[in-house]
Ligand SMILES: O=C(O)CCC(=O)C(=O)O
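The chain below stands alone and is given as structure tokens, in the form predicted alone.
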Amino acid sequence: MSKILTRQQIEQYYDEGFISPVRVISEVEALSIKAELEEVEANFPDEINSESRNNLHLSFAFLDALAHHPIIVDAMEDLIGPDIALWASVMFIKEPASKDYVSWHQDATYMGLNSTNFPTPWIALSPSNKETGCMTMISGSHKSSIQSHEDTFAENNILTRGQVIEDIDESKGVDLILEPGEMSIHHGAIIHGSQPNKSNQRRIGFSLQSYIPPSIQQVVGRNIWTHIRGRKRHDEDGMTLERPKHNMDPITIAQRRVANENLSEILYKGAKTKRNY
């Protein structure tokens, strides 16, 4: 029996490759987290900025709490079972009237895992719609293999390598409209992207990429994980990250550096160049 997701939602995930929307917290709570996020941006600009956006749940306790939120984790258990670890997190911020976009891609392409079958929740901390540049999913595309991606390193493409899949049938695109405090969940192999933010407000999304069962292993780079629920992983080359006791906890700040270096080596393997994120 599922904990959070309905049978219809679970069927949608396996059939279409995504679920949306799912209410996690109230809009008031989401905007409070947004305000706290913008406070730490102002107070710790070297720790959180456009080039320091990965694994912020290790730097800030309020983001760690969101990664462990019972509604999110219960939904993950409905999809992958009770033993859950988090691979990484990414804060995606599009500034007002910016040209930043995300090209068509599949998350699992460069993650160095031995499976593509895992879910990613994306939590909206501000309105995410067509005007602000919401995600668009190519329904059912997770059922095919990983497609060929071309590295472009395009200036306004905020993916690591500016990777892009050409010749997408955009008629199958579904816009994931989210209010603050709602999340979408998407499959590791689904083709998706997002357009620039044309609005006068920031578009902020916290991507928990991704929750992984113990059957999936890291085959590129080290197995470095945040334990979330159930049995802990015991990988030969493994490292279990601790939870920050408070914002800017020096123990997890140091662990974040190790995790991000490992993440960079994984994501940029074989690339001709490397960005700072």
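When you see a residue number, it is the position in the sequence shown, counting from 1. These numbers come from a predicted model, not from an experiment.
Just so you know, the form predicted together with the named molecule exists too; it's not on screen, but the next bit is about it.
Colleague: With the named molecule left out here, work out from 160-168, 143-151, 72-80, 203-211 which stretch has heavy atoms within 4.5 Å of it in the predicted complex.
Modeller: So the stretch in question is 203-211.
Colleague: Look up in the predicted complex whether Leu86 has a non-hydrogen atom within 4.5 angstroms of the named molecule, and give yes or no.
Modeller: Taking the distances in the predicted complex, the answer for Leu86 is no, it never comes within 4.5 Å of the named molecule.
Colleague: Do Glu182 and the named molecule come within 4.5 Å of each other in the predicted complex, heavy atoms counted?
Modeller: No - in the predicted complex, heavy atoms of Glu182 and the named molecule never come within 4.5 Å of each other.
Colleague: With heavy atoms only and a cut-off of 4.5 Å, decide whether Val102 touches the named molecule in the predicted complex.
Modeller: Output for Val102 is yes: heavy atoms within 4.5 Å of the named molecule.
Colleague: Does any part of Met135 reach within 4.5 Å of the named molecule in the predicted complex? Heavy atoms only, please.
Modeller: Yes, Met135 sits close enough to the named molecule in the predicted complex that at least one of its heavy atoms falls within 4.5 Å.
Colleague: Please identify the residue among Asn197, Thr116, Ser194, Ser126 with any heavy atom within 4.5 Å of the named molecule in the predicted complex.
Modeller: Of the candidates Asn197, Thr116, Ser194, Ser126, Ser194 is the one lying within 4.5 Å of the named molecule in the predicted complex.
Colleague: Should the three residues Phe92, Asp107 and Trp122 be counted as contacting the named molecule in the predicted complex, with contact defined as a heavy atom within 4.5 Å for each?
Modeller: Heavy-atom distance to the named molecule in the predicted complex: all three under 4.5 Å.
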